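What follows is one chain in structure tokens, specifically the form predicted alone.
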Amino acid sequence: MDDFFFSLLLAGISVGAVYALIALGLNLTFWTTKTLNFGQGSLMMLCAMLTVIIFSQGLAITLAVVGSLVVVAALGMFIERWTVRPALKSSGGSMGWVVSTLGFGIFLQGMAAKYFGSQAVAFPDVVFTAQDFVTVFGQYISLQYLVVLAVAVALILAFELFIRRTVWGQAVHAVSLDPELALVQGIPVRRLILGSFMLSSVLAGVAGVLIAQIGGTVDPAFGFDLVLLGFVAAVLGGMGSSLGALAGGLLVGVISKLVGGYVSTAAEHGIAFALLMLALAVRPQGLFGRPEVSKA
């Protein structure tokens, strides 16, 4: 196998797994509220930035990552309570939550630029360095890519088992089908919605740390393009499907890297949105999604 092609394929699979993680976070809030948190890109940036800052104070990298994830989880709770919930109450079913979540994300990005600076900062090595490789069939494989891929896929599969095999997972599924009926049956809908935003934010934080580990740097603009690519992955795979998020993320990641390697890096993101337009035209519900049936 051509070395260049193999390296692009591995990079695409690893980055695509992170796109899938972002898509899963978007799916989670879509299940419970039929909304998407477009401020997730800024949460990714903030988690990676805070990890750098906490680590620079002398704490272990593990504690830095965990502390940053706690902060973004709290911000997820804030987003649900003060940006999404009021928008849903006052907008009468319109798309006001899009503006509110985007606005909060831009606010976080501006605050990060003001207090942390607008220049990119080096991200510390969490597990392996960029120079750590293993050789498989004569091909050099970055251990960073393998760790990123393993963590992202493990989290997605664990989440799928949580949804299918646990009581709380079934409750989330019930809320996604009919929140009013779920409330009548005694399911704590409000707590589930709040928890979905917190968990979605944690997934965004993990994705931010993984991408920063691959890229090696992080800056206030980090994350905006990534959440758009995660959205493309969610739509391609089918909104509301965990396995669809994984398939869509891998598809976007691999095709983008191959186009960037053989055509132009400037076309990487463009091809993702071309795929989105094609998918909406051919199969609007996505690869694993189901056509939505409106209640009479």
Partner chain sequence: MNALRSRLSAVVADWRVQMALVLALLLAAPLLSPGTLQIASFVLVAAIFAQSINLLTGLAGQISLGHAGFFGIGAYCTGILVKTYGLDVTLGVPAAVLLAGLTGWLLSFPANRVRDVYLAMMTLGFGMVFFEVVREWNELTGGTMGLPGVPSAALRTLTILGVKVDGLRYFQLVLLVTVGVILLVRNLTQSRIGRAFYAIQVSEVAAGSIGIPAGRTKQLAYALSGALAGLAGALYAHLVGYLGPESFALPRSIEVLVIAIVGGLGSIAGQVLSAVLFTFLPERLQVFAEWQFIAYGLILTFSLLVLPRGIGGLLFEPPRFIKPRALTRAARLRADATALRPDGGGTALEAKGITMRFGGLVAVDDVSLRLEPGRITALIGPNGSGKSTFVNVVTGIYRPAAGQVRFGGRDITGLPDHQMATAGVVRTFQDPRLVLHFTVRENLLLGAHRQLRHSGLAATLALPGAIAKEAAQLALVEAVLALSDLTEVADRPIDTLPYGTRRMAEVGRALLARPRVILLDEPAAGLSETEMDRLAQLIRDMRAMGIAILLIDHHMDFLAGLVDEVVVLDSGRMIYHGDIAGMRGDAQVIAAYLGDEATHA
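Numbering follows the first chain given and starts at 1. All figures in this text were calculated on a predicted structure; none of them were measured in a lab.
The same protein also has a form predicted together with its partner chain, omitted here; what follows describes it.
Note that among 114-122, 197-205, 151-159, 67-75, the stretch whose heavy atoms approach its partner chain to within 4.5 Å in the predicted complex is 114-122. Within 4.5 Å of its partner chain in the predicted complex, a heavy atom is found for every one of Met95, Leu228 and Phe231. Shown alone here, Ala274 lies within 4.5 Å of its partner chain in the predicted complex, counting heavy atoms only. Remark: Ile106 counts among the residues lining its partner chain in the predicted complex, judged by a heavy atom distance of 4.5 Å or less. Using a 4.5 Å cutoff between non-hydrogen atoms, Val127 does not count as a contact of its partner chain in the predicted complex. Within this chain, Val147 is remote from the site of its partner chain in the predicted complex, having no heavy atom within 4.5 Å. For the stretch 249-287, the set of residues having any non-hydrogen atom within 4.5 angstroms of its partner chain in the predicted complex comprises Ala266, His269, Gly270, Phe273, Ala274, Leu276, Met277, Leu280, Ala281, Val282, Pro284, in sequence order.
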